[in-house]
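Quick setup: one chain, the form predicted on its own, written in C-alpha cells, and binding and motion questions come after.
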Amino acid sequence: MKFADLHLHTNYSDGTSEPVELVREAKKAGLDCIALADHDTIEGINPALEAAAQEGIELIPGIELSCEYNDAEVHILGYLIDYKDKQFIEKLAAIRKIRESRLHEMIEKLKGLKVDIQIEDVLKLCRTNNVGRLHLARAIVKKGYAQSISEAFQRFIGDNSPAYVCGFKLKPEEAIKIILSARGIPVLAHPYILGNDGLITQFIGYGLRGIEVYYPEHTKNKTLLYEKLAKERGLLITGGSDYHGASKPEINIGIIKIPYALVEKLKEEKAKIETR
C-alpha cells in the first residue's frame, strides 16, 4: 500500500524544517505522498515541490488558514489549492498583516507580565514575516523566561493564558470561501479542539468538504466518532501528523499515515471543482 501524511509545516510558517529537509524526512519515513500545509502562507510550496520531484515523492500544495469563532481559534486546511491565484495571494497578504498586529498585542501583554520581548527578538526567529505563537514562544525561551516552548505556552501565550490574543479577524466561513475560490478543498483541522462537534454541521453549510479524522491527539473513540460523522455527512476523510520539527519534538513525520486511497478521494473532489 501507499501512504500519506497530509499535515506538515516548514520554517516558512512555524515549523523548523527547510522544505528540502521535510521532504527527505518524509521519504525516510516511508511516505509516498505528503501535503505541505503551512499556516497562512504558500511560500514554501515551490521549494518543497522541487525537493519532492528530486526525491520521487508526491507533494500536495496546501495551506492551513487560522480563523476565529466565538473567541476561539479554528483552523481550516486547504488541499490542492491553486496557490498561484492572484486574489488568493492578495488575501494571504492581508492575513499576514493581521498576524503582525496580533504579535504586537501579545508582546504588549507580556510586558505587563514583566516579560521583556521585542518585536525584533521574534522576527529574527522567523523565516518570513508570517509570524505565529511558536515564534514568540521560542523568543520567550531564548530570553530565559521559560525553560521550554510548552512552558512558554502554558504560562504566557497558550489559549486562556494571560498574554494570549486570538485576534484572527478571519471567520471560518470566510476561510472556506477563500479556499474554494482558489479551487481548493476545505477541510476542518483537528476537530477535537472545537469542543463542539455540532459546529461541524454549521461549517458544512459554509462549504466544508472534509474533516481531519486521523490526528495524533485524537483518542481512538474520537477517531471512530469522526469517521462515523464523515461517512454520515458525506465528508472527505484526511489525516496527518501536524509535524512542526523541533518546535514539537514529540511529533514525527509519518506518526500518522493514511491510505493513499484517501488522497485519491481528494483528487476526485478536485476534479469536480474544476468542472463546475
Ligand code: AMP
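These numbers were taken from a predicted model, which means no experiment stands behind them. Residue indices: 1-based, along the sequence shown.
Only in words, not in the display: the form predicted in complex with this ligand, which the text now covers.
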Exercise. Could you spot which one of Phe153, Tyr145, Phe203, Phe88 gets a heavy atom to within 4.5 Å of this ligand in the predicted complex?
Key: Phe153
Quiz item: How about Gly132: is it within 4.5 Å of this ligand in the predicted complex, going by heavy atoms?
Solution: yes
Quiz item: Does any heavy atom of Arg127 come within 4.5 Å of a heavy atom of this ligand in the predicted complex?
Solution: no
Quiz item: Looking in the predicted complex, any heavy atom of His244 within 4.5 Å of this ligand?
Solution: yes
Quiz item: Is Arg99 close enough to this ligand in the predicted complex to count, meaning some heavy atom within 4.5 Å?
Solution: yes
Quiz item: When this ligand is placed as it is in the predicted complex, which of 132-140, 177-185, 116-124, 76-84 ends up with heavy atoms within 4.5 Å of it?
Solution: 132-140
Quiz item: What residues of 31-54, in sequence order, lie within 4.5 Å of this ligand in the predicted complex by heavy atom?
Solution: His39
